[in-house]
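Consider the single chain below, provided in structure tokens and representing the form predicted alone.
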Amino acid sequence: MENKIITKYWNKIDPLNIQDYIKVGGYDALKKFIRDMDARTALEEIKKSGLCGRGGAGFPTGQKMEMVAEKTEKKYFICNLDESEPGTYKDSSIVDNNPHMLLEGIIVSALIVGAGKAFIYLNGHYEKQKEILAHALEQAREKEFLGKGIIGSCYDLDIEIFQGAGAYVCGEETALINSMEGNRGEPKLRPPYPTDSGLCGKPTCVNNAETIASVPWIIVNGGEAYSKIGASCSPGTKLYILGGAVKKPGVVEAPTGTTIHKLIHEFGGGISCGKELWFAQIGGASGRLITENELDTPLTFSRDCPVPLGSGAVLIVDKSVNIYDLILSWTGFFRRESCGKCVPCREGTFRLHEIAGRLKDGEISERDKEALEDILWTLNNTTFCPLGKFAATAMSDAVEKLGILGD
């Protein structure tokens, strides 16, 4: 079964040349959609595939598309390419290596939901990717894959790049939409959900870039074929970002359900010479810490999976790493990136970073240890959006699994 969908033509075609993409079957999905399908038929294929969101939440893609497609008013489609999680660069890698696959996925997805306008919400630090995407959009318009009457059909679509300010919280779709509307990048209370009232109060479908990049393959090969790849609970392939103490760091594509052990030893070439594995962090700075006896855990988006897959970043930490420096880095990131909307996160992330600093300096007190338990509970249970919970995850595991507080 095919295990390379998104990365199949990386380093084999010129990403800046649309003709190279067309030669390997590029835009065949768009042509098939226009000539042989309608929006409902294509939507059924997406639902049948079992594709779920690759940004971290794992929400069923077909279900989200259907919520917007059934609306009769003006609609929008947004590709979420904010990608501000530390250690995560899978979405930018898609742009670097095959931007037209992403564009084709956006076009087909937008037509499925009935949107006449689509946006790419781009991380503010991604200047190179902005240039690549702008060039790809120009080429797609010249080939009539975008604009009025796409390749002679009745479909119209325009795509615009919107560059954010690089705020982590804007990876959350309501904060992303707030940012696009010129407001503070902070999450909104839900309901209403963006599928009912999103950009400018209109139904809006927001999908992660990696999710969208799988859509052309599904349209060409069928949802059933995709559903047979990887884990049955969340089918397909996933882009994993291997970093830290592995011999071959970088982005790799593997089926969902792949174990952490296999990612390290088969895809990452094993632990770096002279290093001894301590633990792995799965899903970026907000991810769980996995010790050696848990490496055979298969990674999926299922709620039953003990290790949330998140963004797919896999950081391999060896025993030479100073864990206190690492914790200070984690807590510093979340303190900086808290939007400040709610007190538990605004104050909790600040206090967590303060305690991490004293822990690093060997000055942590018994009072700090007691306060730490309260702060972690508060972040886990009372914040307005998941950022607070994310801020507590690694520190909680470091306390419970690594025993950083001692006896």
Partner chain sequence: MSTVEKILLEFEPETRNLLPVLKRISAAFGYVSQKDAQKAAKYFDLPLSRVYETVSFYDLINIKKQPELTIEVCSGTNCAVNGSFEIIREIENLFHVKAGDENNPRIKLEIISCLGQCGEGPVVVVNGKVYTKVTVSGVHGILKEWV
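Positions refer to the first chain, counted from 1. All figures in this text were calculated on a predicted structure; none of them were measured in a lab.
The discussion below concerns the form predicted in complex with the partner chain, not included here.
J.: The partner chain isn't shown here, but in the predicted complex which of G243, P194, P298, G230 has a heavy atom within 4.5 Å of it?
T.: Only one listed residue qualifies here, and that residue is G243.
J.: Have a look at T291, S329, N221, T259 for me and say which one sits with a heavy atom within 4.5 Å of the partner chain in the predicted complex.
T.: Of T291, S329, N221, T259, the residue with a heavy atom within 4.5 Å of the partner chain in the predicted complex is S329.
J.: Flag C339 as yes or no: does it have a non-hydrogen atom within 4.5 angstroms of any non-hydrogen atom of the partner chain in the predicted complex?
T.: Heavy-atom contact with the partner chain at 4.5 Å: present for C339.
J.: State yes or no: in the predicted complex, is some non-hydrogen atom of M180 no more than 4.5 angstroms from a non-hydrogen atom of the partner chain?
T.: It does: once the partner chain is placed as it appears in the predicted complex, M180 has a heavy atom within 4.5 Å of it.
J.: Would you please decide whether R141 lies within 4.5 angstroms of the partner chain in the predicted complex, comparing each non-hydrogen atom pair?
T.: Result no; R141 lies far from the partner chain in the predicted complex.
J.: How about N207: is it within 4.5 Å of the partner chain in the predicted complex, going by heavy atoms?
T.: Output for N207 is no: heavy atoms all beyond 4.5 Å of the partner chain.
J.: Establish, in the predicted complex, whether E85, G185 and K360 all lie within 4.5 Å of the partner chain, using non-hydrogen atoms for the distance.
T.: Every residue of the candidate spot has a heavy atom within 4.5 Å of the partner chain in the predicted complex.
J.: Select, from the options 318-326, 230-238, 101-109, 151-159, the stretch whose residues sit within 4.5 angstroms of the partner chain in the predicted complex by heavy atom distance.
T.: Among the listed stretches, the partner-contacting one is 318-326.
J.: Enumerate the residues of 194-209 that have a non-hydrogen atom within 4.5 Å of the partner chain in the predicted complex, in sequence order, or give none.
T.: Nothing in the stretch sits within 4.5 Å of the partner.
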